[in-house]
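A single chain, nothing else alongside it, follows as structure tokens in the form predicted alone.
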């Protein structure tokens, strides 16, 4: 299946972001497909964090829209927004992990919060996720 036949999992359309009167992003559009890796690069203050905050719905755009897995996150009702958020994970730099919890406990926290999985399944998921990040063996380390 070619990339043109696949449905994008993230769509940003004509995104416009402002802080007051200051225009930060204007007309940003792109698609991200399954198994693609998106890197957002740029100098300090160019709008990278602003773009990410819009993509996860922390900030409403001044214009345009963000669509995650076919659902508009822009202007979504609370229930829809929460359902969309369960499909993604975001880790902001600096202060993103609870320093009083181990890496395994930090990873397990949202799984325990949003699912009814038994402890054995949660532990298996934690091992899998840490392994994906080449952090197996560091489960009991603190951030």
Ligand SMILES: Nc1ncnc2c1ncn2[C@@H]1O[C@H](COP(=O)(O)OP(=O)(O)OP(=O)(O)O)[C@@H](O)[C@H]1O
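Residue numbers count along the first chain shown, from 1. Keep in mind the model is a prediction, meaning the values are calculated, not measured.
This next part talks about the form predicted together with this ligand, which is not shown.
Against this ligand in the predicted complex, the set 106, 113 and 128 makes no contact: no member has a heavy atom within 4.5 Å. Residue 46 is the only one of 90, 58, 96, 46 with a heavy atom lying within 4.5 Å of this ligand in the predicted complex. When this ligand is considered in the predicted complex, only one residue from 122, 135, 10, 24 comes within 4.5 Å through any heavy atom, namely 24.
Residues with any non-hydrogen atom within 4.5 angstroms of this ligand in the predicted complex fall in just one of 114-122, 29-37, 48-56, 66-74: 48-56.
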